[in-house]
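Coming up is one lone chain in structure tokens, specifically the form predicted alone.
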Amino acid sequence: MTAVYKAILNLVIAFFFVISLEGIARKITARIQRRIGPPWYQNFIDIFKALSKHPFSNGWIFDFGVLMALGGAIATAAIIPMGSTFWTPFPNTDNFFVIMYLFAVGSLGMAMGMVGSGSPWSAIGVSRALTQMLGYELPYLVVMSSVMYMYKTSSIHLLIEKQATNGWNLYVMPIGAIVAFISLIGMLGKKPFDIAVAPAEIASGPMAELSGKYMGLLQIMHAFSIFVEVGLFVDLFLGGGSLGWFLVKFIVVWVLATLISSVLPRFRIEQMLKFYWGVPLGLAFLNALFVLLGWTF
């Protein structure tokens, strides 16, 4: 199977798998809140319905921002290894720094486009989202630096192979895995870290001005982003595995994040920063110290 076919397969699996999981998450949340909830396939209906409608444009910056956000998410999802070297589309470019760079393109495109809409709600949402990135990325990058230092590589598929012989990083460095999971909840924008969207306060934040095809495209972009974020956690801390095991671990991580999100209230923006720069950052540095001293399990 050529690299291009693997990349296309990545995107197909990411779209159908993650959109289905998002529908299941809505069902889980509804059951916890003693509601029936929508059917699991409701997100597919919403996306295809949105794609069938003509969007309202707020200018070329707004239009370009939407395409830039989607393009960045697609490029990142296309190179994420799905659990093993065989399911790595581009083994020479699955570097952690390359993935973070491409992923940032999508985030910046989203920010540029939504601010370009001129809506104050979008501007507030983008401001909150960028501030939240400052919060969760610092402890996450400290943990990832520890992982790369320990194995002397930043290649995702090589880090997966290392875990096949040394054990999952969940067991080798449990403190780092916990910090990475807490950061993952912030990346996913789940409660208590859904400050950017906050539908009860700022009308869904950055997406306030989206309509028609643009809303559908940004929903697809969100699905690819989830695939990248959760997929990286599975690869780097749960050992990846075969395609089947990768998807099973993906489901477990996603359901756990959904359950946590369903029972927690929302943090304010300053509470979120104080939290991430408090205990998680301290634990991330403690994990780094243990790695430097060779005190791993």
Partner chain sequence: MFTLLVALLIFSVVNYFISKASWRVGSIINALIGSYLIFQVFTIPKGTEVTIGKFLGETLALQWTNAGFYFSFVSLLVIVAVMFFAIKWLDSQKHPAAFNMFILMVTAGSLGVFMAKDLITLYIFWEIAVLSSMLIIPMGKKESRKAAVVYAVMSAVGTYMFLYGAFMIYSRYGTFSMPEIAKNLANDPSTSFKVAVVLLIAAAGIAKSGIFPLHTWLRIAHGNAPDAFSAVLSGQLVKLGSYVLMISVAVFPSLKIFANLKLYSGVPAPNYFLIALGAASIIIGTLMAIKQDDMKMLIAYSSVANGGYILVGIGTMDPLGFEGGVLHVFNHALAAAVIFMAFASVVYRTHTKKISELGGLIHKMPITYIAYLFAIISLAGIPPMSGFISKWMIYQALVRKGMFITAAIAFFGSIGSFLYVFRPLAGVFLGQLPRKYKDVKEVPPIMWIPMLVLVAISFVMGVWPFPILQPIENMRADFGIAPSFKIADAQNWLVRGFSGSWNPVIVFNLFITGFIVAYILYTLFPKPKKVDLLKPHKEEGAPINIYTSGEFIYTPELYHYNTKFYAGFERMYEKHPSWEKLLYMLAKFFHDVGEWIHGWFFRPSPSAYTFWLAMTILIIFWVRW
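Positions refer to the first chain, counted from 1. Note that the coordinates shown come from a computational prediction; the quantities given were computed from them, not determined experimentally.
The form predicted in complex with the partner chain exists for this protein as well; it is not shown, and the discussion that follows is about that form.
- Highlighted residues 98, 154 and 274: every one comes within 4.5 Å of the partner chain in the predicted complex, counting any heavy atom.
- Although the partner is absent here, residue 55 lies within 4.5 Å of the partner chain in the predicted complex, judged by heavy atoms.
- Using a 4.5 angstroms threshold between heavy atoms, residue 68 counts as touching the partner chain in the predicted complex.
- When the partner chain is considered in the predicted complex, residue 82 lies well away from it, no heavy atom lying within 4.5 Å.
- Using a 4.5 Å cutoff between non-hydrogen atoms, residue 285 counts as a contact of the partner chain in the predicted complex.
- When you look in the predicted complex, the only residue of 259, 269, 248, 264 with a non-hydrogen atom within 4.5 Å of the partner chain is 269.
- Contact annotation: of the candidates 74, 185, 196, 173, the single residue with a non-hydrogen atom within 4.5 angstroms of the partner chain in the predicted complex is 74.
- Residues from 122-151 that approach the partner chain in the predicted complex with a non-hydrogen atom closer than or equal to 4.5 Å are 123, 124, 126, 127, 130, 131, 133, 134, 137, 138, 141, 142, 145, 146, 148, 149, in the order they occur in the chain.
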